[in-house]
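Two forms, one protein chain; structure tokens for each follow separately as structure 1 and structure 2.
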Structure 1
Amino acid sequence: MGAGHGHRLHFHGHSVVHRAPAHLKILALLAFVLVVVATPRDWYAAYAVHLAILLGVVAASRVPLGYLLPRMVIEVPFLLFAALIPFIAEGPQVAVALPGGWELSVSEPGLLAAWGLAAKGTLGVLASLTLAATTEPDAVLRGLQRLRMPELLVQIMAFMVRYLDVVTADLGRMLTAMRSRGADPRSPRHWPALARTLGALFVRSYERGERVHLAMLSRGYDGRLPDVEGAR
């Protein structure tokens, strides 16, 4: 477990947003996305306000937008779905002029729904990315603990986060080995080989869990973790 303890999305910094207590950031994010989701689609000005608040927080965090924007590709499939809605939704049709003199007949409520989906989804993804970029995983876990998330659930999340890089690197090495022997893990033709790889990964992960548990017991584990409880 040498390298890779860093957060995939974390952007190191010391801004006000970075230093704010994690539990307050989680609550603020939850409140923000709830308000965004509850905002009626045709209150266009309200969306401008939401975006301004969010960009203000991003500016205060000194995380460059160039860092956050490429990571928003995660929502592209849903933007594609949103783009489909005007064509399949019910309601009165409206003609949209396209460049080149073409006209396209689309559903008017569908157009509004597509805008709502795209706007809400985009604001939500950018806000979540801002939390992930400014908060270390340990801090998020302590924040969840302060928000009274069940202790056991926090511990399971802590173990998953801690061993994520170990397990994914394990899989990465197995896939490299497959490719070096001429197999393509993505192709259905080689699914049997991939499945044996995943089976081996499960056995390795499960056995690693058993070893970790025994190691913890030998160090006096009694069902509580000292380091997630804010010893730092």
Structure 2
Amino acid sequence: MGAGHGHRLHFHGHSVVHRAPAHLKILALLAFVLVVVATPRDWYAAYAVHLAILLGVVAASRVPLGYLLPRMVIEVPFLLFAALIPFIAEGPQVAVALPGGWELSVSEPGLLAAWGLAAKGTLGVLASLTLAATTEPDAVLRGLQRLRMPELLVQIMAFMVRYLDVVTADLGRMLTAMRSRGADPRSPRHWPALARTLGALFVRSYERGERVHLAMLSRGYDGRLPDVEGAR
């Protein structure tokens, strides 16, 4: 199974962003994230500029926002944490007007910290999703190799990408088997059965890794993956 098969983040296209070299896009993403993180929280105009630049790249990539926004659900836990900061942080209090004439007293430093966390996290996640949507996984790995990332880390990432769908499909079949036997994985009453299922999945995945490693050794694996694209 190729690394590009089953990649749920990539959006097929032929824009200038899609055609750009992967290593340059990785460097651009890293530079953008570092600039966003280094921006003081009270520089609101700077965040508007960051967002405008990012939306310009998204527009140039021709990836619909409707494709990216649902995938930003990954940052929901961070947004929930940011929403709690104004209530648990110390410092001067400020009144926030609510609908219906109500007012809520929250920490002013906590409110600023929550804004900074939410703004920086949202920009970082959207930029990362834009990279994933415009770059095939194989191209990302080759870009990391070109940037002299340690070979072992690149190989670990390559195997993760290649076998993520395999492990996910195994989990789906095991959950289907649980439901066919009257167990609901979402019910706390059946969580012990779910824990045993996840344990069995871990053991099965570990054993598959052992078999794959032995098969690689029998085919001459010496610690480095062959450069298939270079051979072609």
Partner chain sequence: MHVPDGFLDAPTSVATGVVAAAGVGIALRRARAELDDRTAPMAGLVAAFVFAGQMINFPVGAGTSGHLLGGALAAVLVGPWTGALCISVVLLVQGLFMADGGLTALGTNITLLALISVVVGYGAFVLLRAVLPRSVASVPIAAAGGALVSVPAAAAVFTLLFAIGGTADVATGKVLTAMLGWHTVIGIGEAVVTGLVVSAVVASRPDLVHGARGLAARRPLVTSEAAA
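Throughout, residue numbering runs from 1 along the sequence of structure 1. Take the two forms, find the largest set of C-alpha atoms that superpose within 1.5 Å, and that set is the rigid core. If you're wondering where the values come from, they're calculated on a predicted model, not measured in any experiment.
One of the two isolated chains is the form predicted together with its partner chain, namely structure 1. When the larger part is held fixed by C-alpha superposition, the smaller rigid part is turned by 10 degrees between structures 1 and 2. If you overlay the core, the Cα of residue 185 moves by 4.2 Å between structures 1 and 2. Taking the core as the reference frame, the CA atom of residue 208 shifts 3.5 angstrom between structures 1 and 2.
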